[in-house]
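Given next, in structure tokens, is a single chain: the form predicted alone.
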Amino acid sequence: MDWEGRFSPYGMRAGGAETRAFLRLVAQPGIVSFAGGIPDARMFPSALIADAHRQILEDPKRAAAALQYSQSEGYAPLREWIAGYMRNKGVACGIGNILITNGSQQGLYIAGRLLLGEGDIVLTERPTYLGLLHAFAGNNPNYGPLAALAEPAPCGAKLAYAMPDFANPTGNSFSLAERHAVLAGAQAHDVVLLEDAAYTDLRYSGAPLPSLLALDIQNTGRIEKSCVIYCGTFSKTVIPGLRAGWVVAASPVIQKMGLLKQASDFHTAALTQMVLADVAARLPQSHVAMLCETYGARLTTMLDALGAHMPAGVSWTKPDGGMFVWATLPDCVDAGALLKDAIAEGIAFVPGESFFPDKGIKNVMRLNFTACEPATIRDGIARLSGLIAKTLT
């Protein structure tokens, strides 16, 4: 069977996220991995999650609901909790504005399926989230710069994607003025804004800023008039393995996305949703504070180590939160080629070329700091810096 010849154009364009391959390196002994964008598993509220499973499954009525088919939009108590969480962030919404997804990644994918046709223009930052590029690959869009929203000339875009807080891969954030400018540009050009809020609660310094959705509701008066589709997740602050996220948007968007989700997987696992509803209600505020204290210290360690060891000509971002630092190497250094030498020395990172829709930029890399202890970060950055220095000689 010639399977390659059987694939549809959509199937042929589908690609795998390169970062998934790097996660296999984490489990190898002796590897210092700055590659995967993963939280530290020791920070998971495992006991609380285990207790929630036990309580649900030991109650015959709740167990029956947890193990049965459920509605595509999601478990109502979990959606109620999310509505309260969003209202605390300035987003007035109800459960009719919320869809539960299998991680925020599914929200991005369904949004692309709903809004994009072949060759439509999507505006993104450069670099941008690699998972977004793979989520949209089957739609075969064209990409333009997010800065086009600030131009007076028509940009012709259908959709703009933004991660305003601690972006993957750069760690950069939008200022309040930049958030207002993006919204003004979206309104002027009649473009839907897809807001990815995966890292918004992982802030280590500075004051929180309102989401694009919250600001748009302030401008328009209510969520039903907003041009923003907001994707959130439990993966970064609770646990990634349960694969649960959510979308918040005007009710017509949620209704249509719910139908697309129904065609894909019927619904997110009911047991997962019931566990998360229980855990979210019981999880103390100190949990996120503990994450921020721990990860913030690791970010400081990485920035200090970069400053102490990296050779001249290397620069890097200095985020206020999130999980990543983005490093730019001298033009003569190919990060992909460097990775092969780094792996041989027991160090892993993600070359940055794949984070650009048009590829071609090779002297950049993404470094994750949340998964390693400070001593490991110091050692790994010192060794990586030595390899880069050797490349430059």
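From 1 onward, residues are counted along the sequence shown. Because the structure is predicted, anything quoted here is derived from the model rather than measured.
One more form of this protein should be noted, the form predicted together with another copy of the chain, which is absent from this view; the next part is about it.
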Query raised in the report: For Tyr109, is any heavy atom within 4.5 Å of another copy of the chain in the model of the complex, or not?
Result: yes
Query raised in the report: Could you tell me if Val288 has a non-hydrogen atom within 4.5 Å of another copy of the chain in the model of the complex?
Result: no
Report task. May I ask you to check whether Thr124 falls inside a 4.5 Å heavy atom distance of another copy of the chain in the model of the complex? Result -> no
**Report entry** Proximity of Arg179 to another copy of the chain in the model of the complex, heavy atoms at 4.5 Å
**Finding:** no
Query raised in the report: Though another copy of the chain is not shown, can you say which of Ile217, Cys155, Ala305, Ala135 has a heavy atom within 4.5 Å of it in the model of the complex?
Result: Ala135
Query raised in the report: Which one of Val279, Leu146, Leu183, Leu271 is close to another copy of the chain in the model of the complex, taking close to mean a heavy atom within 4.5 Å?
Result: Leu271
Query raised in the report: Pick from 81 to 89, 311 to 319, 241 to 249, 207 to 215: which stretch has non-hydrogen atoms within 4.5 Å of another copy of the chain in the model of the complex?
Result: 241 to 249
Query raised in the report: Can you name the residues of 100 to 137 that have a heavy atom within 4.5 Å of another copy of the chain in the model of the complex?
Result: Asn102, Gln105, Gln106, Tyr109, Arg113, Leu114, Leu115, Leu116, Gly117, Tyr129, His134, Ala135
